[in-house]
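The same protein chain appears twice below, in two forms, each given on its own as structure tokens and labelled structure 1 and structure 2.
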Structure 1
């Protein structure tokens, strides 16, 4: 008996092992019409307004739609919205109706200039003039304002209360009776801001007066405005869009999404994008209007936020969302959610009723969660995922293999070395420029990226429409670097290390431990700088430790990092001199008044040409000062199996197959749908080709 077990069980197990091996190697590649994408990391949620990680956004992106989206050239275009219009109402207050009338007359007199100032109409309302502008922004309004006399300023007063602020606000409203308080904006349950007419002292006194009985209420003046500049966006929503469950999409869904974004129970990480909104309105089922508190041009792009179905979520508690929606979402997108197995895969089905015809040709998409780059590679090579963002070193192996095709796209990120500008010697611009000349960036690109990248010339990446192409990267020049350092007072010491006033040029280069490329960069920098007599020590830490203990505290000499920022010209958080506190992002303590001014103007500018000019200038002055040693912009290279996919495109009335193409936004497989050649015979018939002409 025992004997039989001792010899029988191993034999049985062995047989099973062999059978499974034979089975897996014999499995015919009878592939289904499914596209599978490998991902690093598990999405936290598929509720797009709660998601902050790229994995979540990637999956949610094929289930949901926003009002707007980026097109192939990374420019804003419409999605759930059919069209949108931008305008602005600038309101100027006067001390009396008479003064307002005088102002109105003065404006009427200047009618010939209305065209260039984009004025559409002017209207008087009590002692105030309401000027409608065809383009939001501050510049035109300021010009108009300079021509007006006897105006009354607007004071924005912030009120913070220890308990829910509703009571204080109600009290204030009741007391004022709509008098001097002209705008109210509620930030959350315990803070709100009111705009009050008059001088700062008067306004503060007024608000404080009505709230003085409440203990712990803090009242603070935020800013003084000469006038109100309130941009407005009106979206016309697309007709006939259905949610995956068949309900119709309306402006109510958009309004609901906005309310959810602002609510404290949701605590959406995307909330800050919507903080400048004064109010939203839904004049009709297919119209959605947003009124902003002040010009803030990046806010437009925030309407790419995926819209949630109000008919499912409204009135439900957060626990319900988590249990019934966040992991099985209902959207409007090209694919419908089907199944999620944690740490394994998320499976989506095609949505035959997708509003942007044609509907996908694929039966579905599978996102596979894999653990690291190596796993992605292995999964790709065994054809378990259909496409892979190749690591640079592996590109060569795929390039020469006829089974694969590669696509390269300039990346949307850059790597840099950040110098702590509050620490000597990095407070010296000459030293920073010298260091930039001492680092062999082209070699770095060649050997770390295998040529798949370009030297970075500042805070924007080349495929952005506001990128400044006239800036030349600083050349690698050891002699020049030595000379610049000598000019800055650094001379070789007895141990071969540069010295100045008895201090050796030695510093610690920090980076996070999980990023191999950053570690490699650090090692190369160490080598390059040793050549010119600078000692570099490398330390790496786990990501959160690295940030908490060093970066946020500003306790570092230099650090290797990168930014992946998206197509956004607003870089207030990273470069403005006000953003230097712990947990804020100007970690190197950059401070330049001109840059500050440019950054502020940029955020208020809606005019494309002006944005290009301002952004170009900003990029130029930051690059000149070298607060970062800008290293490179990596190219992202993707590889697919050559026989895997085609795009179906309408051309001259018939649908034709074209190979996969690359756009600035990547090879956007969610706009043009792929299929496998062997499925050509039985393609879905939805979205039949246009037959006219």
Structure 2
């Protein structure tokens, strides 16, 4: 037995070393000219309009395209669209045709001002003027409207009905004879909005009168408008784009994607981005027109949403989507779906028909699902994955190692503790502010992030141009925290835990088990709150279970999570009170009328200075109320094996070759043009004419 141990253990260790070497070698051989990415969370779906987690969006981003995208400087540019134009029709209504004619003559007399107001044309249609503007927005329309007289206001009336909305709407149209209702927008199967001319009282009375006999119908005034302002975006679609199965991409695919986004059956978390659309049109296979009910300044960014193939999905029930598409998608992107082994990997192959051919250079991309950060680091160090979003504690180990290349940039994300505002005691602002003072965020930054981050002051991050720099983070102050809790009625109980009306201050803090940093946050929160008499129980779950069973249902006390943000000020989906339903993103159920108003104003504002003012005020309100305990903004640091990849891409009509380079959009922006140096002989010669799109 002893002899077996003496000789057997070294032999076993040698066998394991050889097996590991062979395993890594086989991984390298099978990878070939591939890029391998390690992921902690498995995607919930590869259907991009259903995705609400970063893992799903990351993989889908290689498979699908939107009409538009961000360039390397985070400026909006084209993708599936070849070009686009913006305009707006502003319609002003008058008491009579004579008054409308007077208004037309007044505008004609002011023709020298048309260029500054971006007026392209004005025409009269009955007792209304239709003013065509060269750019959307409210400012020019308000100036025009202020110089007109005898106008009739527009009332937007919302109707909620237990019967199908189309049926109730048809009944309303038939009863009122098509006179006062000038515009209709159906929100879903049980709600619609009608725009009605006249005073608020008359508009409400008219709609209520025609529907008053229907039980359960709710009628309310939404908004009073001086005029209708209807922006329009016209996309000319790129020719020669094919889906991965060889079918041609057309405007019908874009229209179908819009219908799917708005479908109650699909229940897309991105629906709110498109709620301001009045209608879409497809004048030709390569033209797609969008008309909005009102100015919506994030409109262009919303059309970065990946487009779905109508020829595959149209007419199929959601059960079919789940079984045949959501895990086996077909897109137009640089890589095609190949295989998904649950809890192991997702493999994508090069799309030889990609419209920006000859990109991509890589033969494929592999996304490997790993159990935790340690497994991810080991996979990176053994070259089973090619890059790693480095944990803060590991940055120092790579900084001075010549084998690696580090890419660091200010983070565009923040971590937070979300309080369920529908549960006591988190429905009390005094309690939430007290908790913010009781948790040592600077200590988190120092010991969890190793200094690679800054305390968060709300819904935006410091590098955003609309960030409010005047908000100071709440101080770590246990004395103040105790005082605020006492003011809210909480006092120490027999066991030292705070209590109120006989109920102990005890709650459960949830997070996902694969994220070591979030587990560390939860532990630190538990320790901090124990010091002031609050009991915190920590529970962790696998990511998809965590989302499906708790977060999406709103079934939690508190949760440690984070947001990865785009370069956009629109926070409608996260903070607007209408976004609190299951599967939507306002999971904590935040509701503040002033915040709603600011969010809505931001969505209609195109002026940069006004956006800064509105966004700053919104950030201030939400930070003051602490619906999240805003923790920190981490620095984003990624590490890649030095010289494992280079970039050969078109610039100035010729091919250039560079190492991987950092851009405002990140180091992986040119991933379509990544290649392994050992495959350089298959690429166009540097300096030769570049013919890619």
Partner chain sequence: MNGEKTSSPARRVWRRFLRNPVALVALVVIAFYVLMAVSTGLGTLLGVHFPMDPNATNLSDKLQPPSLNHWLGTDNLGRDVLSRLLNGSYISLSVGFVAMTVSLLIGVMVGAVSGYFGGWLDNILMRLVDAILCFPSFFLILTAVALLGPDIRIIILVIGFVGWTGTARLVRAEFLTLRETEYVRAARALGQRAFPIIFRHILPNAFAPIFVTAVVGIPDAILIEAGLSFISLGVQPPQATWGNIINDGRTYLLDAWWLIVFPGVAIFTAALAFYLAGDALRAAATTRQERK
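The term rigid core refers to the most C-alpha atoms you can superpose between the two forms while keeping them within 1.5 Å. Residue numbers count along the first chain shown, from 1. On a predicted model such as this, the values are computed, not experimentally measured, just so you know.
S.K.: The form predicted on its own: is that structure 1, or is it structure 2?
M.R.: It is the second structure (the form predicted on its own) rather than the first.
S.K.: If you could, name the hinge position out of 163, 606, 492, 635 for the rigid-part rotation between structures 1 and 2?
M.R.: Every other option is far from a hinge; the hinge one is 635.
S.K.: Report the rigid-body rotation angle of the smaller part versus the larger between structures 1 and 2, as an integer number of degrees.
M.R.: The answer is a rotation of 33 degrees for the smaller part.
S.K.: By how many angstrom is the CA atom of residue 443 displaced between structures 1 and 2 after fitting on the core?
M.R.: After core superposition, the C-alpha of residue 443 moves 9.6 Å between structures 1 and 2.
S.K.: Once the rigid core is superposed, tell me how far the Cα of residue 602 moves between structures 1 and 2, in Å to one decimal.
M.R.: With the cores aligned, its C-alpha sits 4.0 Å away.
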